[in-house]
Each structure stands twice: as structure tokens, then as C-alpha cells.
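Just the one chain here, the form predicted alone, laid out as C-alpha cells.
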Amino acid sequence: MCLPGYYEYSCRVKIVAGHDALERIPDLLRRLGARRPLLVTDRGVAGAGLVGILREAMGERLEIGAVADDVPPDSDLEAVNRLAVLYRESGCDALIALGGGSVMDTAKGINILVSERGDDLLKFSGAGTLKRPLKPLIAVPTTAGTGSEVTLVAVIKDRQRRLKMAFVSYFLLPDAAILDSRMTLSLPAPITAATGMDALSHAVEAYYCLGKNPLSDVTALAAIRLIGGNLLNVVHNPSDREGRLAMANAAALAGMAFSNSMVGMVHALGHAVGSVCGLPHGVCMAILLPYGLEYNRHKREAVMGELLFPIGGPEIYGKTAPEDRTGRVIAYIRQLNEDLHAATGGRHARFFGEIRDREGNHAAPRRRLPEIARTALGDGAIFYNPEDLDYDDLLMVLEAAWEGMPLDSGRIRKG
């Protein structure tokens, strides 16, 4: 049992950030003893021309062994197994992950199989199963949200069992994260909004959940300040390179925070909605974040109130009574979702009930809420949530988030 005040913090990833950071990749790989990487990406990234920008930046200094540009929106076991075969057949000795969270997770999964010479990824699920360093991995995020470029976690879907499997190890950390403004300039406004809210959810939960520590607090607060100052701006002004780089830095800082402090119910519910209904993770985070603050407020009022400082600045923080600060933080996040909804022409979701599929049906039907609640009960993030949650609690939160209504404070457990 750890004494009060004990914590651990580690970020072993080399960060290379700037408007010309891509050019550093060949030298980084050479220092790692690699010369023939597998480039892992998806069709959206390739179609946006980002593979071409990466190749041009690296020039003739590096030979790419193969390009895998068909990673699915949710990383899954089938994709990992198939691309591990491509890695071996192409004689690759490293990986470059160019994309968002799914691409990063897929590359981490591939790295487990090719480094361990295995064919069953599930043997390595959970925490602590990896015992030695993996092949070199360079992470190049094309969204500013997941923070996967600096995290020790991979989440990969088992479609047959309709579960998202977690893989946790310091050996999963990329060797380097390349934060380059060119990689997000073409990101559409709705994805910019959702991934930015994903980063915000990482930082906010990292700050108030049970695993918080002094160093994760520093990175969380820095991330919140950058997101508050830049997210809405880059949605309105997508070509703002300084704003794009600021958001890339924010996502990495938030990733450093939550991978050392963990997250809570917002992520437990978000993972479950993604597993059951296939909704993008960032969309789930944007919708659920205010509910996490509301549900836990009675346990973490003072800590949550501190978030008003990076969000509103010192003047607003100083003029707001301590008992009103958390309420202003929640109101700010709800208003940010409203502003992003307006800035994206209504394509940024505010509650689950308004999200429709191409046929006009609810993408997360209300009848699926009980299944989502049951799935969330098995998510490890629940253990770091300040207040306990059972099935009825989770369902209550989901019902409110489906309708876009605030929580009924009288129904929140006061443990």
C-alpha cells in the first residue's frame, strides 16, 4: 500500500515540435538503428495528401519499406494481424504511425506482434505483459486530440466480442513524437472540434480524478490553457499554423497528463459508446465531459474550481467566489460545445440524441443505453473516478447525455 503523497510520473517520448519537424524523422530513425520503416496510416490521411508531405519532407534520406493506408476508423485485431504480416513480408525494421488515435493504436499493436514474434495479440492484453523494448516507432499525429503519441496505452477493438481491449506498457511508448503544424492544416472543422474536445477531456479528467499528481497537474493545466485559447480559433481559421501547433502541443501535454494520472467516468462511458455504437471517441468525449464534472462535483468541488484559472484567466478567477468556480467551468464547457456546434454548421454534436446516421436514424439509439451502461461497468477508468458508479448511475448519466439535459443533482450518489 502506498503512503499519501506517493506518485510515479514518466514520459520517455522524445518530442520534436515545429513547423518543419517532419524533416527530423530520417535522422531519428538512423539513431535508433532503423532504415526501412512500415508507414501506417489511413485512407483519409492519404487522401488529404499528408503522406506526400511526409515523403517530400524526408526526401531521399529514408526508404519506406511499405505503406499500409487502410487502417479502419477503430483499430481492430484483424487490421493489426494483417499489417503485422505486411511488416514481416516487406522486411521492415521500424514503424511510422501517421494519423490519429486509431492509426497510433494499430501501429502499437503491430509493434507488439512483430517484436514478440507472435500471432495472437490478445496474449499481450492488460498491463505488464510486455517485458522488453519493441521495434522503433515514430508517431506523427494528424489530429490534435488523442495524445496517443505520448501514451503507454493502445486500445484495440475485438469486433467479434464487441469489446475494446486495452494494452498497457511503458514499452508501447513511441520513441519520438513529431508535432508538425502541416499535419493538421487540412483537418475538417468537425474533426478539429471533436479531437480538440478529446484533448480537453484528457486534461480535465487528469486534473480532478484520483490518480492526479503534481507533475500531471502541470501538464494538464498547460493543455487546458492552450485549448481554451486556440480550439475555437482554429475551427474558424484552419490555416492558422501557430494555432494548429498550439493545439498539437496541447494534445501532447494532455496525453502526458492522463497517461500518468489516468481518467475516469467520462472515458469509461465514452469507450462503451464507441464499442456498442461505433461513435467517434472525440464526439463521445465532447458530449460526456460536462456530465463527468457534474457527477463528481460534490467530491471534487475545490479541485474543479481551480480549472477556472486556465480557462477564464486570473481576472475572472479572482472575481469569482470559490463556491461558484466549478459551476462556471461546467458552463464554459457547455458553451464551448455550443460555439463549436455553430462554427461547424451544426456538425459538432452536443448530445447523443441529435446524432443521426446516413439513413437519418439515431446513431446511438436510446434502446442501446442499457447495453452501453453494462459495458462501461467493465472499464478500468471507473476505478479512478472520484465518486463510485453502478449500473443505475451510468444509465442515469447516459439518459441525460442522450437528451442533452443537465444531471438531476438529487439522484447523484453522495458517498
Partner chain sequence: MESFREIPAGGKPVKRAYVALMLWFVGRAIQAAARVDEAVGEEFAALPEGFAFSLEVLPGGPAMIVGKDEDGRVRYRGWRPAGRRLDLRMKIKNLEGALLMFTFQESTATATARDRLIVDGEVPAARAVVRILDRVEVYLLPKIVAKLAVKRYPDWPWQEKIANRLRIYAGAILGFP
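Positions refer to the first chain, counted from 1. Heads up, when I say rigid core I mean the largest set of C-alphas that superpose within 1.5 Å between the two forms. Every value quoted in this text rests on a predicted model; they were computed, and no experiment measured them.
This next part talks about the form predicted in complex with the partner chain, which is not shown.
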To test your reading of this chain, name the stretch in 83-91, 122-130, 96-104, 153-161 whose heavy atoms come within 4.5 Å of the partner chain in the model of the complex. 122-130
Within 4.5 Å of the partner chain in the model of the complex, heavy atoms considered, which of Glu371, Asp390, Glu354, Glu56? Asp390
Note: exactly one of Pro365, Gly380, Gly47, Gly346 sits with a heavy atom within 4.5 Å of the partner chain in the model of the complex, namely Gly380
Please tell me whether any heavy atom belonging to Gly65 falls inside 4.5 Å of a heavy atom of the partner chain, as the geometry stands in the model of the complex. no
Taking 4.5 angstroms as the cut-off for heavy atoms, does Gly410 touch the partner chain in the model of the complex? no
Does at least one non-hydrogen atom of Leu210 fall within 4.5 angstroms of the partner chain in the model of the complex? yes
Against the partner chain in the model of the complex, would Pro386 count as a contact residue? Criterion: heavy atoms within 4.5 Å. yes
Contacts with the partner chain in the model of the complex - residues in 286-302 whose heavy atoms fall within 4.5 Å: Tyr295, Lys299
When the rigid core is used for the superposition, does Leu130 move between this form and the one not shown (threshold: C-alpha shift of 2 Å or more)? yes
Core fit, then Val155 C-alpha moves 2 Å or more between this form and the one not shown: yes
